[in-house]
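Encoded as structure tokens, the following chain is the form predicted on its own, with no partner shown.
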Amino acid sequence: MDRTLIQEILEVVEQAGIASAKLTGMGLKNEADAAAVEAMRERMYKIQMQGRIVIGEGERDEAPMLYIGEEVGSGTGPGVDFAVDPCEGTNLCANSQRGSMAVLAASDRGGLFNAPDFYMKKLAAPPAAKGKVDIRKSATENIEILSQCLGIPKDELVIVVMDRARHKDLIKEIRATGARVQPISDGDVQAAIACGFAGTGTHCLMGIGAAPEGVISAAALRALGAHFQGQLVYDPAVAQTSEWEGLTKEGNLARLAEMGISDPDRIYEAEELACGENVVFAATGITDGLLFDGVKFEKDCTRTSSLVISTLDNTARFTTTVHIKDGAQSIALR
């Protein structure tokens, strides 16, 4: 990978975000996702690279585009691995709620953990708490550590947790410390990344979410020097999701073994989930969110707000792009 790819990667998420945003609020989550997938893939194929999808829309027989293992790009140039989520928060997009975005992580070949389509226990925290909080510790212990590291009273800490039945006890424990809980319905990638920036009002992400999105979060937080840990969840009794109805703990362990994961209880650090020498994270808001605005359609232009974080030049770029329409006659400054 090199710096010349950063602009093209930005355009990939911009195009996916615009395509999906055209269906915002229409209750069409599958259609919004499909539009983002097609736009992302089309732009990827224009890049001079030997790209490969390592985390995508599913296995080849399940997904016609951006499937795991699909080769993207021109076929010449640097080898790049991608973890993509063209419309992260499809329900948010469909219902015109905050936090949906088009997102990806990219790295040198072999630089991203090929996460199985499982669940993952996650812990994200600011740079000041990196290596001090630990996913092995209780929520109570980690909140005490966070308070000390950040110099913030516990009752001013905001902990983001997915609003799921499996988190009932976790939420109760967090509130017992005096800390505040911010439940979210979907889209924990943006919440995790918000932990890497001061001033967002988000201090930590705890709980269980999708494993592939954990890799994308890890890439961004590694580039920011922030904290991220993940541990795969394979027990249906822990995941408590209807998607695993009929599955067993033993069956899931066998699936992981088939995927080459010999230690299912391993705790992964950000540097293991995104281990490449060069790592780039890019996201464009589909709807307004904590980090950036959603797509804005205007008479003569379309505006996108994005974030690109890169270890290639140690930058986090917040970018607003004005996509000018043909025949435009009046483009507002803001």
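One-based numbering along the sequence shown. As the structure is a prediction and not an experimental result, all values here were calculated from the model.
As for the form predicted together with a small molecule, it is not shown, yet the points below apply to it.
Undergrad: Heavy atoms, 4.5 Å, the small molecule in the model of the complex: which of 169-177, 195-203, 85-93, 259-267 makes the cut? Say which one.
TA: After filtering at 4.5 Å, what remains is 85-93.
Undergrad: Just give me the single entry in V158, A210, L247, A128 that has a non-hydrogen atom within 4.5 angstroms of the small molecule in the model of the complex.
TA: That would be A210.
Undergrad: Of D186, E144, D235, D134, which residue is found within 4.5 angstroms of the small molecule in the model of the complex when only non-hydrogen atoms are counted?
TA: So the residue touching the small molecule in the model of the complex, by this definition, is D186.
Undergrad: Hey, with the small molecule in the model of the complex, do I9, R41 and Y45 all fall inside the 4.5 Å heavy atom range?
TA: No: none of I9, R41 and Y45 comes within 4.5 Å of the small molecule in the model of the complex.
Undergrad: Although the small molecule is absent from this view, report whether E71 comes within 4.5 Å of it in the model of the complex, heavy atoms only.
TA: Flag for E71 set to no.
Undergrad: Can you check whether Y119 is within 4.5 Å of the small molecule in the model of the complex, heavy atom basis?
TA: Y119 belongs to the contact set for the small molecule.
Undergrad: Using 4.5 Å between non-hydrogen atoms, is T140 touching the small molecule in the model of the complex?
TA: No, no contact at 4.5 Å.
Undergrad: In the model of the complex, is there a heavy atom of the small molecule that lies within 4.5 Å of any heavy atom of R98, even though the partner is absent here?
TA: Answer no; every heavy atom of R98 is more than 4.5 Å from the small molecule in the model of the complex.
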